[in-house]
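A single chain comes next, written as structure tokens; it is the form predicted on its own.
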């Protein structure tokens, strides 16, 4: 199996050429309704998955299934055409979707959502395929979820199992999510040690993600009337670049917070921490800006991991946008309301 980036990136550039062109979303927003969107799907790059989805689903459910299946097909191709060093890096990147999917299932079980509702929150892309995710979504108990992952030999069982006693005592979801994040990011950064450009690029993006997760945790904690500093410190996720443990603690300390805020001025973290709570989707928009940086990596080194990172996120943007348009057309939302939610590169 080829392991050089020249071959991998040539294949991915072929896939990239099939992404929607600028202006396509405006055309889709102008469609008269869901039936017109379904007709577009039938003649689009998603036609094969759309046909297959209609044998098991109907309407919006079929559209969402087709879009998810197409994204999964793209990630499977990335695995298929890579091995060696590139394969390991792509595996680390795609493992992020396993992390998010397990967290989504944990949230669903915690809140007692039904199986279908939980499955709608996942997006098969990593090593946990659709069959495994379907089985996990059927679990009604978090201990059973952890045991099933352990039976499959999936490492994400380890942090879940370790955090389970505290969850059973406190019944707090945050502890489980933090344990999963700490495990994935800690293990990934360990695997990305070294000065190699490709490892460095992925490491930079993961460290930015860690900073972002810490900033979002800070934002929630700072909104409280009273902060328990020892408890708040427990939510710190190590490994970021800008938010050291000391700076994280300083931002929570009323005596030090202004000075600490000045030290991150001019960064996306500052804009997130200072965003008005009443601005609705402001945090979501800032999230999108962070994701956009990964999508723009496509323009980087043509013989490095840059193309794979950029393509993956551009493909993700497209699938998310098409799902938003499908739902909007299904529920009869105005084009402007849908447009506001779309992700842009």
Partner chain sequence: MKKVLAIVLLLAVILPWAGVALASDAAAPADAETATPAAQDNLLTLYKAMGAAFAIGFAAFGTAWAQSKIGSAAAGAIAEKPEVGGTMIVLEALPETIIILGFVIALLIIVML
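Worth saying up front: this structure is predicted, and the values here are computed from it rather than measured. Numbering follows the first chain given and starts at 1.
Not pictured, yet referred to below: the form predicted together with its partner chain.
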{"property": "4.5 angstroms heavy atom contact with its partner chain in the predicted complex for residue 10", "result": "yes"}
{"property": "Distance check, residue 18 to its partner chain in the predicted complex, heavy atom within 4.5 Å", "result": "yes"}
{"property": "4.5 Å heavy atom contact, residue 14 and its partner chain in the predicted complex", "result": "yes"}
{"property": "Partner contact for residue 189 in the predicted complex: its partner chain, 4.5 angstroms, heavy atom", "result": "no"}
{"property": "Selected contact from 121, 77, 204, 233, since only one has a non-hydrogen atom within 4.5 angstroms of its partner chain in the predicted complex", "result": "77"}
